[in-house]
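Below sits a lone chain in structure tokens, taken as the form predicted on its own.
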Amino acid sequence: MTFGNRSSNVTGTKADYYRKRRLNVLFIIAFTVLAVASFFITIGFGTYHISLFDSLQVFIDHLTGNIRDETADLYIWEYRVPRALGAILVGCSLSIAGVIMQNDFRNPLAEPYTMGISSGAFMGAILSIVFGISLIPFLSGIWGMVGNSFLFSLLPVAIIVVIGRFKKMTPGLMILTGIAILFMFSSITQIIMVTAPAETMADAYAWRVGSLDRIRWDHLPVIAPLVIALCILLWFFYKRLNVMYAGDKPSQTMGVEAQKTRMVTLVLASLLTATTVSFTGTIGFIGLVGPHVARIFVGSDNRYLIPAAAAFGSAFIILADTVAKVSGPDGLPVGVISSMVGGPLFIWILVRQRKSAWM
């Protein structure tokens, strides 16, 4: 009788495991379908007035080489399609970076911007906008600003890695260091902006709040390969990241060097964030909200959490940008909409949590 009960329990546990796995895959597929549907919806909205049905027809006509309205084709394919593809890459990268950092630091409030990445990128952009400085000599204009933002966004993590070489840093100490760097960069940026000419303030503000307006076709060959490669690379760390939930010492007994894994994934997540924010500016809350929403549906197993967060983040940013494009005569920056929606959504998630543990 005892053996029979034990056998049925094992069978039930195995069946529950496979059922949960299938459910997780279905959630990932559902989020992906939502992102794809959002892509086709967003190309129907913008300052150029064209119906959603007509936009889809223009999209199909371009693919088939049967262009009937050149003006509509120009707006859809030169502005809306690259912007929508950029939104997918931004949402994917920021959400995955949020998953990695929350896992690395075992802190539900950890996200790319907590580590000072956005403030560093903003400081690099300001140097280009206000003073025309390009740290990479052969780059100028928009590419000079992108280069500055990319390099400065990596400074906070570089500082943490250097300090970690000489002093063992706990996850909490890393977060505090990132916050200190965030405020340091922010204060320097504010001083520059206060003394800057008034004509540069509009560009600085537009970069600060985050916008997808600047994404063009010639940017995507730079962004897409890096984002895709880094996302895939980070996913292959899912086993080690899952082990790290147990803590540094238990992870060591299971053959995972937590500190080494933390440093490597932190650098990769920072590169992932830097790749996108250098082009778009600061788009808030998605790195914080995306992982939490995905965790509600698929749990904390990073094998499913990483792709689920990527798909949800992509859909979230596309829909937020769709609202941003139709808000007012000239639209609003997507960072404004993402923060307006992400703030209340995050509060709802916190209220909804019944357990003290977030994982």
Partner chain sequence: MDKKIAIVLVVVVVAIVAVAAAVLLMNNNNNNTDPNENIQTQLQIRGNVDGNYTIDSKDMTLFNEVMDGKKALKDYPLADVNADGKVDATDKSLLQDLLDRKTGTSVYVVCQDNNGETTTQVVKYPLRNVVTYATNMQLPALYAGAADYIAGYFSKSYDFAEGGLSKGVDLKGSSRTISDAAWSNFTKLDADLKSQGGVGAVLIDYSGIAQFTDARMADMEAAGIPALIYSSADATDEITTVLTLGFLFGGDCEKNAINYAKKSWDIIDYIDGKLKNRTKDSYISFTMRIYIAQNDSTFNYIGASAGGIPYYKINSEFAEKYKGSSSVAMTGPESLSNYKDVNALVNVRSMDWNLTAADIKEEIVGTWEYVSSKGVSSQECFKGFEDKLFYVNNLLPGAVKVAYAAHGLYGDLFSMDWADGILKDFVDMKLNPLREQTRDTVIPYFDYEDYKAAKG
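Numbering follows the first chain given and starts at 1. Fair warning: this is a prediction, and the values are worked out from it, not measured in the lab.
As for the form predicted in complex with its partner chain, it is not shown, yet the points below apply to it.
- Contact annotation: its partner chain lies within 4.5 Å of heavy atoms from the stretch 48-56 in the predicted bound form, the single such stretch among 48-56, 30-38, 308-316, 291-299.
- Note on contacts: among Phe285, Phe150, Phe105, Tyr79, the single residue with a heavy atom within 4.5 Å of its partner chain in the predicted bound form is Tyr79.
- This chain appears without its partner; in the predicted bound form, the one residue of Val157, Met174, Ile129, Ala269 with a heavy atom within 4.5 Å of its partner chain is Ile129.
- A residue is said to contact a partner when one of its heavy atoms sits within 4.5 Å of a partner heavy atom; Lys239 fails this definition for its partner chain in the predicted bound form, lying far away.
- Residue contact with its partner chain in the predicted bound form: Leu89 places no heavy atom within 4.5 Å of it.
- Using a 4.5 Å cutoff between non-hydrogen atoms, Glu257 does not count as a contact of its partner chain in the predicted bound form.
- Its partner chain in the predicted bound form is not approached by Asp248, whose heavy atoms all lie more than 4.5 angstroms from it.
- Contacts between 201-225 and its partner chain, taken as any heavy atom within 4.5 Å in the predicted bound form, involve Asp203, Ala206, Asp213, Arg214, Arg216.
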